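One chain is shown next in structure tokens, namely the form predicted alone.
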């Protein structure tokens, strides 16, 4: 199929963006537009292309993984930080994190998760959390330096607003950005970039889409991870996803150090000039 007319693209993007599900979540228009253009170029039939775009958008947006009531969650955080008690803050963050499937799974690891990662990468002064979900709420467990900055990238405007309020309460530099990092790569430079349990979903969006992002990240270390079991817990996926990660990185002379947790396999990738 030839490249679709701009007016056709605009109309379809507007139609999808205004659907109740994506309007309420405030899904980034960059994401919707990129998926629509890709599917219109792939499919011969425009109706089939729109149907395929809807299906792919559902997978990319992943609203099915769970989101809190952001207004209520904000009030919870404000009340917790008002106490000034670190344990109260952690307990409140943990309660919110357990609502989202991906971060819920990480809560059983969180006490040692970052300590083991930063033992390899060093404690980052500037940390980038790519396609972050609710993961920034694990900052109380990270033991970052007092002058650290944290940048979080998401495609849900509601989530971005919530995370910016959290970062302000946490008193850490940086911010959350409403940005599709597969379309518009992060401009911020840092020490470590995290991309946790997202590679397999990104590659479903478009095969080969992850490596250019990894190349573009202005960091020494990239921390990737993949699940060891399927969402239902019925199937082991560790080797499949490990193979996927190594296939993506096969042509890069970067050093990979693996850390295996019970339900998450982490890859600390060193992009430093010594290995480039």
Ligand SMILES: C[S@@+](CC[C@H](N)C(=O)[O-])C[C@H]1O[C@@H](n2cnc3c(N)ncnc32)[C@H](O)[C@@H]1O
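In this text the structure is predicted, and so the values were computed from the model without any measurement. Positions refer to the first chain, counted from 1.
Form predicted in complex with the named molecule: not shown, discussed below.
(request) With the named molecule left out of view, choose which of 202, 77, 110, 117 has a non-hydrogen atom within 4.5 angstroms of it in the model of the complex. (result) If I apply the 4.5 Å criterion carefully, the residue I get is 202.
(request) Scan 249, 217, 37, 61 and let me know which has any heavy atom within 4.5 Å of the named molecule in the model of the complex. (result) By the 4.5 Å heavy-atom cutoff, the listed residue in contact is 61.
(message) Based on heavy atom distances of 4.5 Å or less, which listed stretch (139-147, 88-96, 166-174, 152-160) is in contact with the named molecule in the model of the complex?
(response) Careful reading of the contacts points to 152-160.
(message) Whether residue 182 contacts the named molecule in the model of the complex should be assessed with a 4.5 Å heavy atom distance threshold; does it?
(response) Looking in the model of the complex, residue contacts with the named molecule include residue 182, since a heavy atom lies within 4.5 Å.
(request) Decide whether residue 191 counts as a contact residue for the named molecule in the model of the complex under a heavy atom distance cut-off of 4.5 Å. (result) Outside the cut-off, so no.
(request) Could you confirm whether residue 121 comes within 4.5 Å of the named molecule in the model of the complex, counting heavy atoms only? (result) Heavy-atom contact with the named molecule at 4.5 Å: absent for residue 121.
(message) Can you work out whether residue 196 and the named molecule are in contact in the model of the complex, taking contact to mean some heavy atom pair no more than 4.5 Å apart?
(response) Output for residue 196 is yes: heavy atoms within 4.5 Å of the named molecule.
(request) Pull the contact list for 106-134: residues with a heavy atom within 4.5 Å of the named molecule in the model of the complex, in sequence order. (result) The stretch touches the partner through 106, 131, 132, 133.
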